[in-house]
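Next up: a single chain in structure tokens, the form predicted on its own.
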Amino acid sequence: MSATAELKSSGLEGMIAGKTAICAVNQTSLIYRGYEIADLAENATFEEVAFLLLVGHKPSESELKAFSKELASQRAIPGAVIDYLRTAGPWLKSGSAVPMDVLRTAVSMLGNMDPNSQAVSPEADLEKAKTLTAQIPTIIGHMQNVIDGREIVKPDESLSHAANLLYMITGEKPSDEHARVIDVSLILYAEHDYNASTFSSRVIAATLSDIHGAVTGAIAALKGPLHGGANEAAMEMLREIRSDIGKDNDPKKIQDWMHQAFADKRKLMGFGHRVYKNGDHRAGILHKLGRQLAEKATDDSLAWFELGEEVQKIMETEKNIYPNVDFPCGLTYFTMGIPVPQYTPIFVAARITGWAAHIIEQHANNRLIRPIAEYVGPELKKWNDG
């Protein structure tokens, strides 16, 4: 293998690992089953996009009504999972566990309790995918209730998927604007072809393991700060900058902080993308919505956005590196008062639809995924040669 080929294949970069009819990611567009992401963000709801991904076509009015009603009716989770979330409260408060860890275990538990858990037919996968899509926001909401020491907030079937998610986390019915912003963020996060967590789910599914197992593995992959955890890490970075330089957003102080980070070769989260070299199509959509919320807020939310914009400008002009969707996501969720540790679990509440679509696709036309590795270890030796 040439040095160029070896470099290109590191981390499977640039290599085609399979075929999919679900999503196309390229420099000029992000497409879900034929529909471009800006079009979906502007004109669709998350329920419509979830149906598109899971079932394979845009829903009719009657299909959407039935699908939305089905999701809403399946939001409750078993008492044993609620008991587990209460048990996990001290672990979450002490830091020995983070919400993504608890969510991962809760999803695994749901698999143990599903009487159809072992089936891998398209029909069984679709039914379980819809249930998981409905129940994951409930897990997130109950978990935050436990962390906050509040009573468990029960799902409200009258609310949309996004509005119910916010309601369960905060205990307050969200405004239409807040519900719509969360809805758009879920659409933007729903699917992204063979990213690390989706590829993990397909590798697991390719062994003919069940959907709960594949999703559990995907959650573990998404947790990392180089993948889904980047939205949390980006917000923590902005908190650190403000702590170091104060609240005045002095451009010179921000630039000095960034230059020191460059000198220290620090990885700045929320920037760059393995595929998008000229900017993430999703980032501008969410930044615009989040900034509009910040401009209307009564606290210093706008100052946080202005700090982020200054950091973004420095990254673009000095490093030619653009923000990915995680950067404005952190700022937007922060403006809405969502606890930072729940940012990545909310990512799961969106990406479950993409993962499930890929698991269904993998099971329907399966071949075991088994790449080979280039061995670079010691030459052959004899055990008894000393």
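Everything numeric here is computed off the predicted structure, so don't read it as measured data. Residue positions are given as counts along the sequence shown, with the first one as 1. C-alpha atoms forming the largest set that superposes within 1.5 Å between two forms make up the rigid core.
Below: the form predicted together with a further copy of the same chain, not depicted.
Every member of the trio 23, 80 and 109 reaches a further copy of the same chain in the predicted bound form with some non-hydrogen atom inside 4.5 Å. The shortest heavy atom separation between residue 34 and a further copy of the same chain in the predicted bound form is within 4.5 Å. Though the partner is left out of this view, residue 281 does not reach within 4.5 Å of a further copy of the same chain in the predicted bound form, counting heavy atoms only. Contact annotation: residue 58 falls within 4.5 Å of a further copy of the same chain in the predicted bound form, judged by heavy atom distances. Contact annotation: residue 262 falls outside 4.5 Å of a further copy of the same chain in the predicted bound form, judged by heavy atom distances. With the partner left out here, a further copy of the same chain still marks one of 303 to 311, 163 to 171, 213 to 221, 253 to 261 in the predicted bound form; by a 4.5 Å heavy atom cut-off that stretch is 213 to 221. Site annotation in the predicted bound form: the residue of 39, 63, 70, 318 reaching within 4.5 Å of a further copy of the same chain with a heavy atom is 39.
Though a further copy of the same chain is absent from this view, in the predicted bound form it lies within 4.5 Å of a heavy atom of just one residue from 175, 121, 96, 292, which is 96. Residues are counted as partner-facing when one of their heavy atoms sits within 4.5 Å of a further copy of the same chain in the predicted bound form; in 367 to 383 these are 367, 368, 369, 370, 371, 372, 373, 374, 375, 376, 377, 378, 379, 380, 381, 382, 383, in sequence order. Superposed on the core, the two forms differ at residue 378: its CA moves 2 Å or more between the shown form and the other one.
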